[in-house]
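To begin, one chain is listed below as structure tokens, in the form predicted alone.
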């Protein structure tokens, strides 16, 4: 009888430990070093071919600033993230936009009504960093631009300056500014191909954007792109 009770106790402890390990596995630490508030959100596999030509996207791209109150679908959000920083060669880790010396120091964030998200290129997934809507605060950090406050999703392109400096030296900021331009253009053209609108925002204040997103010290905010369903 005592042996049976002891075995049941051991079994109960084993189940508890296994459950805690499972939680630790699912609720992994975010890139910010803090426990992620929710499990990673897997994004639909990106499309790498369509009937919408690159030439048509180039010819019809225009900055849009007025939006319908319609959120992006998860597929649209995933496709835009992939266009910006997606992995195109898993073996080498090469991405959709070029990076000097293959540093790949850019990190992409997305803000919408559901919160603040960090894109994970290797997993093609999002990690949620905040649950509150911070688009208005981001718009204020971009000198009060209304198109940021009212867009469906605002993308913030940031760069890990210390990581880049290791390989690029003093030229790291100039190189990363150029790289962020490649990244933003990919978002703009992909938005057109998806029937969406987008506008690049160059008036963001780094310190204020960093505060809105609560970015770690290593990251610098370089560029913002507002996207949505245009009116």
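Note that the structure is predicted; figures quoted are calculated from it, not measured. Residue numbers count along the first chain shown, from 1.
Below, we turn to the form predicted in complex with a small molecule, even though it does not appear here.
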{"property": "Interface stretch in the predicted bound form with the small molecule - options 66 to 74, 197 to 205, 43 to 51, 172 to 180, non-hydrogen atom within 4.5 Å", "result": "197 to 205"}
{"property": "Candidate from 145, 96, 112, 150 lying within 4.5 Å of the small molecule in the predicted bound form - any heavy atom", "result": "145"}
{"property": "4.5 angstroms heavy atom contact with the small molecule in the predicted bound form for residue 167", "result": "no"}
{"property": "Residue contact check: residue 62 to the small molecule in the predicted bound form, 4.5 Å heavy atom", "result": "yes"}
